[in-house]
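Given as structure tokens, the chain that follows is alone and in the form predicted on its own.
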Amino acid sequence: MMDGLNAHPHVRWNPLTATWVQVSPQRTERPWQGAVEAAVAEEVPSHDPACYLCPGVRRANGETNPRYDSTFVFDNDFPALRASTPAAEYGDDPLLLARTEPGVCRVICFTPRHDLTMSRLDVPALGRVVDTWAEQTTALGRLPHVWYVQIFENRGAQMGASNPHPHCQVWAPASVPNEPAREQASLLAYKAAGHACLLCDYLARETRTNERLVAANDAFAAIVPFWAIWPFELLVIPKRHVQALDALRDDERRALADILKRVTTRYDNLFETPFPYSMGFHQRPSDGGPHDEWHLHTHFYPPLLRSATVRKFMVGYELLGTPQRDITPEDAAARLRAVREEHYRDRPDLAATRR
């Protein structure tokens, strides 16, 4: 069935957001005359005294970073949300509504090494990052004005990351953001219809065929979702029904570190370049409810389309109509499976050229 479908334009349903995505596989045949990005330079020092995330460097607010040797967490010096924001509303007209939004914004440095990435960290170091994510989920989720803990990483200048030091951000607002709120509505509706869990059922279907499965271990699976929008989008799903990062067992945290290293290494190996992406976790709200409908998962949204210099833009029909993709999810999964999990920079045949 999929072979016939993949030969023609079609739409696919995203049950997590209750939206459709347009798939146009015939567009891969068109010659590319669009924007071509400049190749990204790879030579980055292990410590940069001008980097405000490196150990011992003075930040813009005058504070000096400690000589940290693992992860380092601090309140964002230029936060999008502030805990001290006073309560206020504007709602005289139902078409003109606004309210203040308190919250907390933090930065998590993965490592003191300025020149590493998630794909280049070893699993124990990544495990410490996962532990920090879980700790921040608990600590911020306990604050009375926080209803959601959103952890995300923008990697690469193409995704707006101005600093190459390996780090992520945590935004903890007083309401559930749009995307997880839409997913929550779908998860609740699926459960209300008499099913157990939307993502448990979806994972079971995907692991029966392995058509879109990229990598897996005992606790997690990485899948190009059937409804993917971005060219090499991935969904990382825990095999156990678990609601949040701080509910993962110790062995599951190590397994999450393992699968994240493996998929980001595959990304880098696909075009032999530091692969840009936005990555983030969706987990249950921190409003005190049990939220049994929730199933923790990780989204990877990478923009590279045909090579390290050609990216996908969300423009035109995608902004005004429906999101659209050219490479089918099945093709993207096959291409990611075909690359190895040894990082290209560690290959002996390339090491000599980098000396």
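When you see a residue number, it is the position in the sequence shown, counting from 1. All values derive from a computational prediction rather than experimental measurement.
Below: the form predicted together with a small molecule, not depicted.
I'd like to know if L320 sits close to the small molecule in the predicted complex, meaning any non-hydrogen atom pair within 4.5 angstroms. No, L320 stays farther than 4.5 Å from the small molecule in the predicted complex.
My question is simply whether V176 lines the interface with the small molecule in the predicted complex - judged by any non-hydrogen atom within 4.5 Å. It does not: once the small molecule is placed as it appears in the predicted complex, V176 has no heavy atom within 4.5 Å of it.
Partner contact for A50 in the predicted complex: the small molecule, 4.5 angstroms, heavy atom: Because no heavy atom of A50 falls inside 4.5 Å of the small molecule in the predicted complex, the answer is no.
S84: touches the small molecule in the predicted complex, heavy atom cutoff 4.5 angstroms: Contact with the small molecule, no.
N76, Q158, S186, T273 - the one with a heavy atom within 4.5 Å of the small molecule in the predicted complex: If I apply the 4.5 Å criterion carefully, the residue I get is N76.
Given the stretches 201-209, 216-224, 164-172, 261-269, which is the single one in contact with the small molecule in the predicted complex, using a heavy atom cutoff of 4.5 Å? Looking at the other structure, the answer is 164-172.
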